[in-house]
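Take a look at this one chain, the form predicted on its own, written out in structure tokens.
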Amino acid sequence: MRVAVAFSGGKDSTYVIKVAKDLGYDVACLITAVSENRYSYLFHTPLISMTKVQADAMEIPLITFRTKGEKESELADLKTALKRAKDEFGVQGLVTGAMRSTYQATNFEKACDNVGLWCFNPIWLNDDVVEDEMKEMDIIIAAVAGYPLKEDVLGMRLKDVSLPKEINKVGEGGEFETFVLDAPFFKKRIVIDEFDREYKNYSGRIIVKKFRIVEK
């Protein structure tokens, strides 16, 4: 089966690419939403412009679409992107990295039903998958949004961060967001040479200034 993957650049949406490949699916393309609302209800926003870099490192085609990030328009914009993936790449289904957000999973399923695609959420309610993700991928923290996470964790590798017990270990409460620099199926890896931090009141994100794609 040819599938698209809803791709944000974070650990979960990257991990499900591996899951799909291991199950024998042909990952024909990735689909990324670029939201004007950094607090989008449906889509991940930190470092979203870097998904093109990740797609190049994986050598997988990428479809990007812009959305205002409003509840009323996000679903319609997603449907349009899914139709494009179906028409251009002949995909039959969509794979997502949804883990605990019922709102996210339900809306992806609605959009898929509307355009005649199968929707697959392979890591739904499987928090333990984060252990596998950290072992197999090079993951950094791209954003934080919760006490007591401090500015210094921004840009750190997830495996090197000691998360407080009150923070969900997979960030499903929105406490942190991630970005993947490398994974076993990447053809090349990403190196971030320089970045800035935006941070205030336990909320912040990194802004990449310089990066490279290098041979593995």
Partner chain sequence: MISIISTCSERLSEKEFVDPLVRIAKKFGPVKVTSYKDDIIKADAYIISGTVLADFDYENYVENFSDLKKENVLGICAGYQILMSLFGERLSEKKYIGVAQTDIGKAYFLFSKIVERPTNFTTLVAAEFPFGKIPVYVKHKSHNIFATAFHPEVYNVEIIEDFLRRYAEGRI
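All figures in this text were calculated on a predicted structure; none of them were measured in a lab. Numbering follows the first chain given and starts at 1.
Heads up, the form predicted in complex with the partner chain isn't pictured, but that's what we're talking about next.
Answer option from Asp87, Glu131, Asp113, Glu72, heavy atom within 4.5 Å of the partner chain in the model of the complex: That would be Asp113.
The partner chain in the model of the complex reached by all of Leu47, Ala145 and Asn168, non-hydrogen atom within 4.5 Å: No: none of Leu47, Ala145 and Asn168 comes within 4.5 Å of the partner chain in the model of the complex.
Contact flag, Val91 vs the partner chain in the model of the complex, heavy atom cut 4.5 Å: So Val91 does not count as contacting the partner chain.
Interface membership of Met1, the partner chain in the model of the complex, 4.5 Å heavy atom rule: Judged by the heavy-atom cut-off of 4.5 Å, Met1 is in contact with the partner chain in the model of the complex.
4.5 angstroms heavy atom contact with the partner chain in the model of the complex for Leu125: Heavy-atom contact with the partner chain at 4.5 Å: present for Leu125.
Exercise: Ile192 in contact with the partner chain in the model of the complex, heavy atom 4.5 Å: No, Ile192 is distant from the partner.
Members of 1 to 24 lying within 4.5 angstroms of the partner chain, judged by heavy atom, in the model of the complex: Counting only heavy atoms within 4.5 Å of the partner chain in the model of the complex, the contacting residues of 1 to 24 are Met1, Val19, Ala20, Leu23.
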